[in-house]
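One chain is shown next in structure tokens, namely the form predicted on its own.
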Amino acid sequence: MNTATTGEAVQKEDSMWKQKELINGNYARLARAHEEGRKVASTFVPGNLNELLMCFDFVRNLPEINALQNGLRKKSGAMVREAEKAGHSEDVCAYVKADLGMMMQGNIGPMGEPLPKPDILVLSYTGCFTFMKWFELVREQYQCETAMLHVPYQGDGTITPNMRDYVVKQIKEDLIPTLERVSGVKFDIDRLREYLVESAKAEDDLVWVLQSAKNKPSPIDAYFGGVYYIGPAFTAFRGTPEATDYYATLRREVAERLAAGKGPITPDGEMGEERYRLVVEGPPNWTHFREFWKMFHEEGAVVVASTYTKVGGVFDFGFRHDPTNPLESLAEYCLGCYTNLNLPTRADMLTQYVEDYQADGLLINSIKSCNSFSAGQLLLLREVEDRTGKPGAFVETDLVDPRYFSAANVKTRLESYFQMISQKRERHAA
């Protein structure tokens, strides 16, 4: 066990140090990419084709990750305001405004080093229309190449062969030739297969870690802790041996906690008695992340499953990257991301989480500026309540805009919700 100090002491395990090294290393590579003659690709988390981009030696930059990292460091508020001064509405996604504001302030990344101009923007459209508009603005700023993979929406809740073939055709005929031309590197499908082998190993361990929360007490928090766990698999590291090593280390740590009957580790140390088990829908708030988490663990509330840990891949329902069918596997990955699922499918998933993880109820954190997650959330809440008989609750924050985090309001709603769960238990016992 290690302890780092950044204002307040934060308890960290070895896996967290490994992840920190991965993140810092990628930002360092981005800072020196052009002087080393390397090309840079900017892409998004849902449906990202990290393994394919590695085949062309691109250094990968993810604007969402820059925004949330700046939010964690409490830098994003000024960036959001900068974008609004330039004419962007308060209703625009805060990730977008944080990214644009960062560019307006000199494009200095979260680690204090300049981020390079991208050589190509790669968008796998997976259910979030905002991503397309975001990249239009970035392309206007940098005048760089853009490649878009159109991914059909799962309107009927299933992936058909035609949908998969449509995406594969785009990868073969449009995306790969563009990546070859921009990078100057010839595509090697065997190289892609090697990366997909690593991806599948990491995904196995990630799923094991997330499903460890079915135990009582849960050795992990699958929301506040889970957003750390998904980091390497959902970003610039999936497919690398370093990510595989990270997940092997994480699995060993969680297995030790499970064997010892321990609950999650929080930034303030070991969590006490597990009193409430929750499923959470929606992204977290990053600007007050530690304060938000504290409202849960001080009450003995642990999140045993969450949907935000599925935005970059719903691996716990069986999908794995498959090196024997590399391009088809990439297509199915894009098609299956959480943001590409319809509301009935999401309701089924949330209901299954409440039941399989023996949760006390569903909590929704509705994000003011994130329409992809917020649309239909109240309907989801009522549907899951009706199916499971477990109470739901609703809080409101934002991604990286600190103006929309009211600690008093959130705390009051959470306390009322925990009280509701306790009263329901007492009535059931009586």
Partner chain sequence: MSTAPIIERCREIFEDLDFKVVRAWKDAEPGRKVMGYMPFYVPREIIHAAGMLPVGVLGGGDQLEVIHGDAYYQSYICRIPRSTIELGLTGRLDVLDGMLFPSICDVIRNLSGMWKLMFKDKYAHYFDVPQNFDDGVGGAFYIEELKILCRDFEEISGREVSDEALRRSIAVYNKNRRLVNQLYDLRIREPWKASTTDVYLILRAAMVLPVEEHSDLVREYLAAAQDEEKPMRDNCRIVLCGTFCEQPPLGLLRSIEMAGCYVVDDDFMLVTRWLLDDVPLEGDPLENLSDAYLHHSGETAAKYVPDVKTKGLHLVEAVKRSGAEGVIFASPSFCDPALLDRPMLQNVLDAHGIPYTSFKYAENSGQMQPIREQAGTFADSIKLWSAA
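The structure presented is a predicted model; accordingly, all values stated were derived computationally and were not measured. Residue numbers count along the first chain shown, from 1.
Form predicted in complex with the partner chain: not shown, discussed below.
Trainee: Establish, in the predicted complex, whether M54, T324 and Y357 all lie within 4.5 Å of the partner chain, using non-hydrogen atoms for the distance.
Mentor: No, the candidate spot makes no contact with the partner chain.
Trainee: Using a 4.5 Å heavy atom cut-off, state whether G155 contacts the partner chain in the predicted complex.
Mentor: Contact with the partner chain, yes.
Trainee: Closest heavy atom of G112 to the partner chain in the predicted complex, within 4.5 Å or not?
Mentor: Answer no; every heavy atom of G112 is more than 4.5 Å from the partner chain in the predicted complex.
Trainee: So in the predicted complex, is the partner chain close enough to G389 to count as touching (4.5 Å, heavy atoms)?
Mentor: Although the partner chain is absent here, G389 would stay clear of it in the predicted complex, with no heavy atoms inside 4.5 Å.
Trainee: Heavy atom to heavy atom, is R191 within 4.5 Å of the partner chain in the predicted complex?
Mentor: Because no heavy atom of R191 falls inside 4.5 Å of the partner chain in the predicted complex, the answer is no.
Trainee: I need to confirm a contact call. Of R257, H88, K75, H288, which residue comes within 4.5 Å of the partner chain in the predicted complex, counting heavy atoms only?
Mentor: The option sitting close enough to the partner is H88.
Trainee: Considering P217, P267, G127, P284, which brings a non-hydrogen atom within 4.5 Å of the partner chain in the predicted complex?
Mentor: For this set of options, the contacting one is G127.
Trainee: Heavy atoms within 4.5 Å of the partner chain in the predicted complex: which of the stretches 61 to 69, 42 to 50, 368 to 376, 22 to 30 has them?
Mentor: Answer to the contact question: 368 to 376.
Trainee: Just to make sure I understand: among 125 to 157, which residues lie within 4.5 Å of the partner chain in the predicted complex, judging by heavy atoms?
Mentor: In sequence order, Y125, G127, C128, F129, T130, M132, K133, E136, L137, R139, E140, Q143, T146, M148, H150, P152, Y153, G155, D156 come within 4.5 Å of the partner.
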